[in-house]
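Only one chain comes next, encoded as structure tokens, the form predicted on its own.
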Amino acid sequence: MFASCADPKTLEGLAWLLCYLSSGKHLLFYLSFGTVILLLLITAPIALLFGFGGALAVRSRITPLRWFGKIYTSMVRGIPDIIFFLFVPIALDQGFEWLRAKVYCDPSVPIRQGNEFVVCPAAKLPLSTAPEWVHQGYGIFLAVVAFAIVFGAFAANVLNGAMNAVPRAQLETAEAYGMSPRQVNRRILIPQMWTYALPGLTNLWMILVKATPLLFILGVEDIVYWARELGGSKTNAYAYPHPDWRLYYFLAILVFYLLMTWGSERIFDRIRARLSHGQATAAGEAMRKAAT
């Protein structure tokens, strides 16, 4: 990166370390922390949207929709997360390539050849000629979908429980004033349920943060990939030879996740205090007693 780092063999001590930590691969390692944060910022609202839709489906008066909500939440909860993290990206990828094969490939050539799924090069996603950032972006897209489906199912259970925790008397009072079921949901149920849902959603956020290393399994060059790549021992064939330093790289990742969870707790504590103000909940009652 710096002109003084042109020949690492002439460097020693602190100068060697500074050049080593500012090398091109280390810049990709630093950017991978942003990849994790970006994944969280994209996945969390999508998973919450999935969860909200699942919770409303479970409570729906339309029987097929109610069955769909129950099957979705029960199926995802009953299957190990890693199975979904591997199944969903593969299924989506093959589904997209199958659709493209119908357009770009010779129809006389079967796509299923025994146990193999084979499409022509023009139907591949991403194309082999696409730049590296396209491959990484496609992997992140598949990861977001997988994370959103899994954590959306858990969020649906949390939100459904929170909706059931809203005092029935409030809903009946709204109905007595002539509100329609849709108005009761929009004006009474949904605003009230967030206080009850926040503890469960906080736990889901923490689990989501700790699940991001699964990106490595999906082939995305995340912080775990680069920690293993950079931390492994390097011989003199490399510009910066060193022994096995994976311990230090994974220690840096450990500190990163501790800071993420610690900061998240502080933010959720503020949100919880704001939502509990004046509410007839355990947290709201504690705040009322503290004020008196």
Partner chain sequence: MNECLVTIQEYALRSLGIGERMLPRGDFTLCQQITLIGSGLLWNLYFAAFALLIGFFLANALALAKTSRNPWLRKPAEWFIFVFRGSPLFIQFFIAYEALVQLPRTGIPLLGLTLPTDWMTKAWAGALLVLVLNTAAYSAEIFYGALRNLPKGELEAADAYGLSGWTRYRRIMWPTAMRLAWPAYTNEAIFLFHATTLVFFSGFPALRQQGDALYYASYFADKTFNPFVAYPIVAGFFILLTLLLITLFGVVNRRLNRHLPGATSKVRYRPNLLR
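No experiment lies behind these values; they were computed from the predicted model shown. Residue numbers count along the first chain shown, from 1.
Keep in mind that the form predicted together with its partner chain is not shown, yet the notes after this line are about it.
This chain lacks the partner; the member of Val158, Leu142, Leu125, Ile188 within 4.5 angstroms of its partner chain in the model of the complex by a non-hydrogen atom is Val158. The listed set Ile79, Cys120, Ile71, Met179 contains one residue whose heavy atoms approach its partner chain in the model of the complex to within 4.5 Å, identified as Ile79.
Every residue in the set Ala91, Leu214 and Phe250 has a non-hydrogen atom no more than 4.5 Å from its partner chain in the model of the complex. Figure note: of the listed segments 25 to 33, 220 to 228, 45 to 53, 61 to 69, the one touching its partner chain in the model of the complex, with heavy atoms no more than 4.5 Å away, is 220 to 228.
Residue contact check for Arg112: one or more of its heavy atoms lie within 4.5 Å of its partner chain in the model of the complex.
Mapping the unseen interface onto this chain, Trp262 counts among the residues with a heavy atom inside 4.5 Å of its partner chain in the model of the complex.
By the criterion of a heavy atom within 4.5 Å, Leu86 is counted among the residues contacting its partner chain in the model of the complex.
Under a 4.5 angstroms non-hydrogen atom cutoff, its partner chain in the model of the complex has Phe154 among its neighbouring residues.
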